[in-house]
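The chain below stands alone and is given in structure tokens; this is the form predicted on its own.
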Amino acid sequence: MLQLKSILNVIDNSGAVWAECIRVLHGGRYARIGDEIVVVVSKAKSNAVTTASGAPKVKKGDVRHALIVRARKETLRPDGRYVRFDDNACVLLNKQGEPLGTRVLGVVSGELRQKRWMKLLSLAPKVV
């Protein structure tokens, strides 16, 4: 469960390292795995991937949409098991709602399958 001012790791290769949640998009106060949020990039890599014009994809202070892929708060699965992760993590999205980066650099939750994020699941090295 993430809310305003929550800090997340960014696990794609867009160039961002940390992001801070500034808005939960579905209208509630808290966001869970598979929910879209609006974030501001708190820390970015200086030698990040660049676009065709030579500018970095993201820089510190950029406001972007993101998808939550891991959360410290445990999630109940239909078979009765709970799953929780060591950190809060997200993947940045572009204006069309697709992942901004071309690679995902960590495990993602299986709950994304129910939310129809198949493109992201195919980029992830492992789904838990």
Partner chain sequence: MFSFARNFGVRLSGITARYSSTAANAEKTNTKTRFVSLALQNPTHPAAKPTYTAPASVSVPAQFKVNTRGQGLMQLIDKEEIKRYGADGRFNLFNKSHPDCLRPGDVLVVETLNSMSADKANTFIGVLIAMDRRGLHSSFTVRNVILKIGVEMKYMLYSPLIKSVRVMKRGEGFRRAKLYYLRDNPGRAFRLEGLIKQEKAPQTKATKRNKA
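Since the model is a prediction, treat every value here as computed from it, not as a measurement. Numbering follows the first chain given and starts at 1.
Below, we turn to the form predicted together with its partner chain, even though it does not appear here.
In the predicted bound form, none of the heavy atoms of Lys57 sits within 4.5 Å of a heavy atom of its partner chain. Taking the partner from the other structure, its partner chain in the predicted bound form has a heavy atom within 4.5 Å of a heavy atom of Arg70.
By the criterion of a heavy atom within 4.5 Å, Val38 is excluded from the residues contacting its partner chain in the predicted bound form.
In the predicted bound form, its partner chain stays beyond 4.5 Å of every heavy atom belonging to Arg29.
Highlighted residues Lys45, His65 and Leu93: none comes within 4.5 Å of its partner chain in the predicted bound form, counting any heavy atom. This chain is displayed without its partner chain, yet in the predicted bound form the stretch 70 to 78 from 30 to 38, 95 to 103, 57 to 65, 70 to 78 comes within 4.5 Å of it by heavy atoms. Contacts between 1 to 35 and its partner chain, taken as any heavy atom within 4.5 Å in the predicted bound form, involve no residue at all.
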